[in-house]
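So this one's two forms of a single chain, laid out as C-alpha cells and tagged structure 1 and structure 2.
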Structure 1
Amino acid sequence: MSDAAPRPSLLRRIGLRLLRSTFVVWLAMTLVFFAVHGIGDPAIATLGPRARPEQIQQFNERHGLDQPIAVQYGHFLVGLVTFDLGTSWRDERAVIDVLATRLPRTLLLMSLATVFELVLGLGLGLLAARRRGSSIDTLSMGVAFLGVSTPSFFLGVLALQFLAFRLGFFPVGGYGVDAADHVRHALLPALVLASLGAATYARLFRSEIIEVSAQDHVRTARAKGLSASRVLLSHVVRNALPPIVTLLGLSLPALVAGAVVTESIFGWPGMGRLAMESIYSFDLPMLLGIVFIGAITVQIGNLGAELLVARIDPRTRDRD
C-alpha cells in the first residue's frame, strides 16, 4: 500500500507540469507573434523597399495581413492547435515540411552535445573531487572556468580554424551524405555546443561529490567494509546525480539557443541556422514555427528530467 502512495502525487505533478508547459508555449508564441508584427512591415521586409503598392497589396491579401491583428492572432492560435504552421513567406513552402527536415538534424547535434556534456563534465568533476586540493583539481576547474567564460562563437571559430582547416581532424562544416557521415560532420560542432554545459556540470558535480562524500550514510558504508568502488557508485555518485539531472532539464534552453550560433558557424543545416535565415528575411511563419517546436522540445526535456529525478531519488515523488 505504501509503495502505491506516491503514484497519485507523481501523476498530479505530471498533470501540473503539462498545464504549465502549455501555458509557457502559448506565452512564448504570443510574445514572438506580437513582437515581430510590431517591428515593421512584413511585405516591405520580404519584397524589398522598391516593391510596388500593388505587389504589397497582393502579398498582404495572400498571407492575411490585410486583416485586423486580432483576426490574424485568432488564425494563428487555430493553426497552433491543428499543427498548421502556415507557409513560408520566403520560398512558399509549408513550414511544417521544412521543420520536419531540419528538426532531426538539430536533434542529432543536440543529442551528441548532451552526451559530450555528460561524459566530459561528469568525468572532469569526479576527477577533480577525488583529487581535491591537488594540481589535478586546480587544472580541471581551470578548464571548466574557461569553458564557462569562453563565448561559443569564439570557440567555434577557433575549433573550425585549427581542428578542421589546419589539422584536418574534422570535416570543414557541412552535413555529409549518409548517416555515418552526418555523425562525423556533427562531432566538432557538437563538442563546441557542449563546452558550456560540460564546464557547468563539472563544477556542480565536483561540489556534489564532495558534499555527499562527507555525509553520515557514506561514512557508515565505509565502516561496514564496502569496497571503495561500491561506496563511490552506490552511495556517492547515485546521490549526487539528482541535481545534475535537474540541471540537464534547465540547460535545454541554453542548448537550443547555442545551436543557433553553432549551426551558423559550421554551416549545419538545422533549425538553428534556419532561425537565423528566417530572422534576416523576416519570415514570420517560419520563425514562429521554429519557436513553437523549440518551446515544445524544451518542455518535453524538462518533464523528462523531472521524471528521471523522481526515478533516481524516490523521495522527490511525494513533493508537490
Structure 2
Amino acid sequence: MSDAAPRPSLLRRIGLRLLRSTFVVWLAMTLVFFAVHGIGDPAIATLGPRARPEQIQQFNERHGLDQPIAVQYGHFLVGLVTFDLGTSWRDERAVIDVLATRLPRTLLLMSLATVFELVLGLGLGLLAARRRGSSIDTLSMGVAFLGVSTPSFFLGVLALQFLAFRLGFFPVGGYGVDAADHVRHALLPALVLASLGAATYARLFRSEIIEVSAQDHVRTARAKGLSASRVLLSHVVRNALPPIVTLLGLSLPALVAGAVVTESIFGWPGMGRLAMESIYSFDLPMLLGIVFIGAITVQIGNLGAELLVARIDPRTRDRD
C-alpha cells in the first residue's frame, strides 16, 4: 500500500465524478424530456388520441406547451438547475414541495430495504459458501435463484394478505402516525422490496467468498496460524465486499423502480405511489420531477458506493 495517500487526487476525483454525475443527470432528463415531447404528446396523453384540435390548443395554452420546443426545453433546464420544478397539473401545488414530503418516506423504505438486502443476502451467501456443496448450499442458492425470478408484486400481494393480514405479523399496509410507527409499517414493504437485491447479493457473495478463499493471501494468513474466524472476517469477507458495494450502487435504479410497485401495493405514501397517482392524471411536471429526483438519488448512491469501495478496497485507490 502506498503511503502517499493521494488526498488531493481523491478530492479531484470526487469533483470529476460529480461533474460526470451532473452530466449524466442532464443527459437523462434531456432524453426523457424529448421522449415525452417528441415521441409522446402531453395533450394527447391527457385528453385522448381523439381530442379535437381546439381542445389540444386550449390545453397547450393552459400549460405553456404552445411555445417552441426549444423555449420549453430552456425553461425546463432552468427549472432543473434552480430546483423549481413547476407546479403540479393536478392540484397546482409546487412540485418540489410535494417531492420534499414524499422523498423522505421513500428513502426510509429504501434504506430499510438496503439493510435487509445486506443482512439477508450476505448471510445467505456466507452460509452457502461455508457449506459449499452441501444441501444447505443447494437449498439457499435455490431460494436465491427463486428470489431473482419472483416479481415483487406477486410477493407483495401474498405477503400483505398472508404475513400481515392472516398471521398478523405486520401492520396491514399504510404509513402509521409517528416515527416508530412509520418504521413498523415500513418493515414488510421493505422486506418485499429487498427480496430481489438479497437474492442477487447472496449469489454474488457466495461466489466471491469461494473465489477469495482460494487466493494465496488467504492461504498465507491461514498458514500464519490466524484463527479461522479472523481469516474469514479480515481476509475473506473484507475482500469479497467491494463487488457487493459496487453492485449496491448499481442496483439503485432497480430499488427506485421496485419502490413504485411496493408502495402501490402497501399504500406507502412515498414517491413511488406519487408516480402512480401522477400517471393516472398524467401530471407531467410531477412525473418529470420524480424522474429527476430518482436520477439524482441514483447518482448520489453510485458516488457513495464508489467512495465506500475506495475506503474498503485499497486496490481501487491505487489505481489511475
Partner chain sequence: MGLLSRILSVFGGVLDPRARARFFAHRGARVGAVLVALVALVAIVGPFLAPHDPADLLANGLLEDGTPAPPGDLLLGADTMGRDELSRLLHGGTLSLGVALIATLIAVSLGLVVGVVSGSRRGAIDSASMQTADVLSSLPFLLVAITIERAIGQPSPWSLAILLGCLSWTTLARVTRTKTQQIRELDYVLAARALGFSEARILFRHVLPNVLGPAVVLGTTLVAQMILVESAMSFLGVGVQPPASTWGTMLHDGQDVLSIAPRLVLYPGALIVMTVFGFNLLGEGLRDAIDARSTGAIVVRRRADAKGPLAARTRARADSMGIAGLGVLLAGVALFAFVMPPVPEHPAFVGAGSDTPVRGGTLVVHHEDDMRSLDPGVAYDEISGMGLKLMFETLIDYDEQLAFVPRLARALPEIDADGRGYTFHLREGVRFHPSPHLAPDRTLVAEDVRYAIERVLTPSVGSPGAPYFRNLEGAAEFEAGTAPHVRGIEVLDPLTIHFRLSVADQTFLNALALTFAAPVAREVVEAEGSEIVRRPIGTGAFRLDRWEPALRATFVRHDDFFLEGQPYLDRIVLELDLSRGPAFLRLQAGEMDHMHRFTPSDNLFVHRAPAWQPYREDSANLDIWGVGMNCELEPFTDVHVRRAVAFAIDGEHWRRARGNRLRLVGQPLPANMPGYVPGLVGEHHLDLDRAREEMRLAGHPVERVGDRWVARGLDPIDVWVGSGETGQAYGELIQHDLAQIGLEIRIRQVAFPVYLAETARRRTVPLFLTGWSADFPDPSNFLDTLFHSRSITDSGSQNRAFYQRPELDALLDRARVETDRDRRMALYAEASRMIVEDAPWAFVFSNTVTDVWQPYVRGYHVHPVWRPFYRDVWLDLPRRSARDVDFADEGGLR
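A quick note: this is a predicted structure, and the numbers were derived from the prediction, not measured. Each form is matched to the other, and the largest set of C-alpha atoms that superpose within 1.5 Å is called the rigid core. Numbering for residues begins at 1 and runs along the sequence of structure 1.
Between the two renderings of this chain, the form predicted together with its partner chain is found in structure 2; structure 1 comes from elsewhere. Relative to the superposed rigid core, the position of the CA of Phe282 differs between the two structures by less than 2 Å.
Core-aligned CA deviation for Ile56 between the two structures: 2 Å or greater.
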